[in-house]
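In structure tokens, one chain follows: the form predicted on its own.
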């Protein structure tokens, strides 16, 4: 059964994809600046391009999560959204605030932006990933509170399911841990200690609850497997995620001035962090193998299967590669970190948002279950282009990182940073080419929603 208030998810999904395109364009600009330092200078300096690239990633994923919640919760609770009007109002507030912030990065020097946005009254700016002006952070909190009120009230008045409750826990956790972005102590060790409470406990903690619940919802819809089976899997995965993810924060504490016991805690629990991702792989493929029906939306099924595989490789395998303290001593802050970050974000969060959009958008646009066969072929080409491109981006960055570690940190005659950067430039060029293929895949993903729009739906 469909609920009319699910329609508010549509603008969130459209905004998410639009901002995703912006993120990739700025990623390509940055990639070119690695090998052609004066590219777009002084109009878009590297530090500004990097801020825009990472901030757009966070914002478009938040739009995706919010859209997913607005679509999933009415169906799970079997009741209409508490306030569709509030959801739409918050959409425009968040979109305008996000756009103004990005324009601020691009048009105003960062120090001047801090002056005119009240950073002097409550200093929060200047930290990686949390560069947003203080006024923007306050706006994010207001939007998050309104969003959580809407979702929480809907769940309270309707049916309670494991999926909706895990999703709610993840969304509340996202909001609570963001509050640490307002805590900016003068002591650099304390600053970094709590900074990770936002960055790590988001992506390796509460965001994984959101990932698990979205993936479980899509799998129920495309496989028809009993809800009880999926919910039992979800409980186990979430428990492992929280146990390993929370204490695993310690792998960021190795070299920032914290006590030595963090090297043991961080190493041991980080080594366990791939386990919930591996469990997700087994979970997803088991559910598809046990499916009771062939769903006509093959593309959504493909995204749902690809998500845990790429998340396990990016967050699990590539994360484990440099998470043990004796290894991290040499690899910390190199291109190996960038390789892990790119594949982990793509696998764990980008793909699951694209999976729910792939499943929900045909229905939101008036179809019964799926786009036409021609549209799905284009979308599956998009899946493979983006996924294979991301694998190559990761491999090229890994190659650059290994060479960087050897030349700059391990060899008997360590070479200066910029000398090493010149020697690994070939990897950066190859990464840029792979990035162009990724953009092509994203373009195909968007095109797929307009191909065959007048044709009948794909059938099993």
Partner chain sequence: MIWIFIYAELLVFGILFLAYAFARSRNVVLFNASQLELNRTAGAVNTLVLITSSYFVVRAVAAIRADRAEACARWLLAAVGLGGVFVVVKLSEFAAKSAAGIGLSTNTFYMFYWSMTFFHFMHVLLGMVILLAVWWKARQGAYSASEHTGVETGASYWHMVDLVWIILFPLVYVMR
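Residue numbers count along the first chain shown, from 1. Computed from a predicted structure; not experimentally measured.
Separately, the form predicted together with the partner chain exists; it is not shown, and the next lines address it.
Quick one: in the predicted complex, does every one of 232, 240 and 268 get a heavy atom within 4.5 Å of the partner chain?
-> Checking in the predicted complex: 232, 240 and 268 are all within 4.5 Å of the partner chain.
Could you work out which of 100, 388, 169, 279 is the residue within 4.5 angstroms of the partner chain in the predicted complex, going by heavy atoms?
-> Contact check passes for 279.
Scan 275, 95, 377, 148 and let me know which has any heavy atom within 4.5 Å of the partner chain in the predicted complex.
-> By the 4.5 Å heavy-atom cutoff, the listed residue in contact is 275.
Exactly one stretch in 184 to 192, 203 to 211, 368 to 376, 259 to 267 has heavy atoms within 4.5 Å of the partner chain in the predicted complex; which is it?
-> This holds for exactly one stretch, 259 to 267.
Does any heavy atom of residue 247 come within 4.5 Å of a heavy atom of the partner chain in the predicted complex?
-> Residue-level check for residue 247: yes, a contact with the partner chain.
Would residue 121 count as touching the partner chain in the predicted complex under a 4.5 Å heavy atom rule?
-> Contact check for residue 121: no, nothing within 4.5 Å of the partner chain in the predicted complex.
Spell out, yes or no, whether the shortest heavy atom distance between residue 236 and the partner chain in the predicted complex is within 4.5 Å.
-> Residue 236: yes, in contact with the partner chain in the predicted complex.
Can you tell me which bits of 396 to 431 touch the partner chain in the predicted complex, meaning any heavy atom within 4.5 Å?
-> Contacting residues: none.
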